[in-house]
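This document opens with one chain alone, in structure tokens, the form predicted on its own.
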């Protein structure tokens, strides 16, 4: 029996050093993508913590940058995706709780 629980993907527990090793990006590049509002690590006591989902997003960003996509275009796409997820969640909540 398969149990699918991917909640671990969203826990912010990975340090920037490990993220750098996993993605092949420098810590400076990772911080730059954060400044450009493409990635949103948790910050506590000055330490950034990332999730596996963040790692996947960073790898996707790096691939798009290699293809020549600008950070502005990537952010526009990300904003659109987030807006669609929020709208989908609102629609699901609306129909779930209708009497």
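Residue numbers count along the first chain shown, from 1. These figures come from a predicted structure and were not determined experimentally.
The same protein also has a form predicted together with the DNA, omitted here; what follows describes it.
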{"item": "Distance check, residue 63 to the DNA in the predicted bound form, heavy atom within 4.5 Å", "value": "no"}
{"item": "Residue 57, heavy atom within 4.5 angstroms of the DNA in the predicted bound form", "value": "no"}
{"item": "4.5 angstroms heavy atom contact with the DNA in the predicted bound form for residue 40", "value": "no"}
{"item": "Non-hydrogen atom contact residue 15 with the DNA in the predicted bound form at 4.5 angstroms", "value": "yes"}
